[in-house]
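In structure tokens, one chain follows: the form predicted alone.
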Amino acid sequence: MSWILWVLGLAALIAVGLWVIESRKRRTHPVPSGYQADQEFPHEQEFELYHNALSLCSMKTRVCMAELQIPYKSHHIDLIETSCYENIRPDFLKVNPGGTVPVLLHNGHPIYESHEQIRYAAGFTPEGISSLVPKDQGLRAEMEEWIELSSLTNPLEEPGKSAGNSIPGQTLPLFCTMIEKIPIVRIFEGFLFHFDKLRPFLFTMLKIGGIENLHRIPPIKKVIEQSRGYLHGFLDRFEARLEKDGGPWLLGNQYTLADVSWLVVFERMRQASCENVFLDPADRPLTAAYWDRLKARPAYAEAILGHSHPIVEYGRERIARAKAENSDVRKLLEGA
């Protein structure tokens, strides 16, 4: 018996040692936003993009690059929602020690944060391509305000600060359905190495509970209902702005970075099967028509549909089915 205890003790010691070694390789720390002139990574093309199919911020940068027709080398980085925690593995952490996507490289130099990436890319608009930045200083300032209103910054602490901070609440059902396809053992990697332990805890809870039981979890129910209220407020402002100039785009005739930023908010609504809640033509006719115009742009087909992911599509269809089959789910997700 003593030798068995000795072997078990040795195995535990080895396991702890391996965990310590791996944890050191996966250390993360915040990175400054914007262009980093003092850092340079190996690259093959002038522009390279590390991104994820589901990531709201990744979609924003892809749309911007597609609108500007700037070619780039694509590096898809999986998040646990789409397969695994590739974003916290050593290879990717060399490119972004913050462990987040997207990362845009220009000649090997990283640009962190999607709102900074689209501003940076707009400065390299190729000849013959329409600028995404207004020349008028007043419109440019307003564009910046709408970019900020769509940006994802700190949704847990400031959910009502922006539409970007509010939309994660509506994304929870999508996470819940997508995670059905992810083995739970992959989620556990997050408990070992992810910098935000809330994420693996949340995904484990969603996987165990399932979408049919979301209404029975008070904290999640509160987040979904609260975020819906915030989004209605932001979209009322959006409808009023479209009415002011009559479109076709948010700031009038010119399609700008503000439109790029808001496109992905609407796309998340489509993915989360809640377009009918927020983009009903009967409630917001100008915004609904605007969304149709966005979906008709070639950049939408290239940057969004061209990077569709089967798990995302499964999640969207699963939400729609759950709402149709379960009145409690429908009431929670639609507020009616």
Ligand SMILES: N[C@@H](CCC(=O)N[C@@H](CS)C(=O)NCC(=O)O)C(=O)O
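Start at 1 with the first residue shown and count on from there. In this text, all values refer to a predicted model and were calculated from it rather than measured experimentally.
In what follows, reference is made to the form predicted in complex with the ligand, a form of this protein that is not presented.
For the marked spot (Ser55, Asn87 and Glu113), a heavy atom within 4.5 Å of the ligand in the predicted complex is present in each of the three residues. The closest non-hydrogen atom of Leu79 lies within 4.5 Å of the ligand in the predicted complex. The ligand in the predicted complex comes within 4.5 Å of no heavy atom belonging to Gly169. Looking at Gly99, you'd find a heavy atom of it within 4.5 angstroms of the ligand in the predicted complex. Proximity of Phe191 to the ligand in the predicted complex: non-hydrogen atoms within 4.5 Å are absent; the residue sits far from the partner. Residues within 4.5 angstroms of the ligand in the predicted complex, judged by any non-hydrogen atom, belong to 56 to 64 and to none of the other stretches in 56 to 64, 38 to 46, 297 to 305, 277 to 285. Arg199 is the sole member of His75, Arg199, Lys161, Arg119 with a non-hydrogen atom lying within 4.5 angstroms of the ligand in the predicted complex. Between the options Val265, Leu105, Leu152, Leu174, the residue in contact with the ligand in the predicted complex by a heavy atom within 4.5 angstroms is Leu152. Contacts between 240 to 260 and the ligand, taken as any heavy atom within 4.5 Å in the predicted complex, involve no residue at all.
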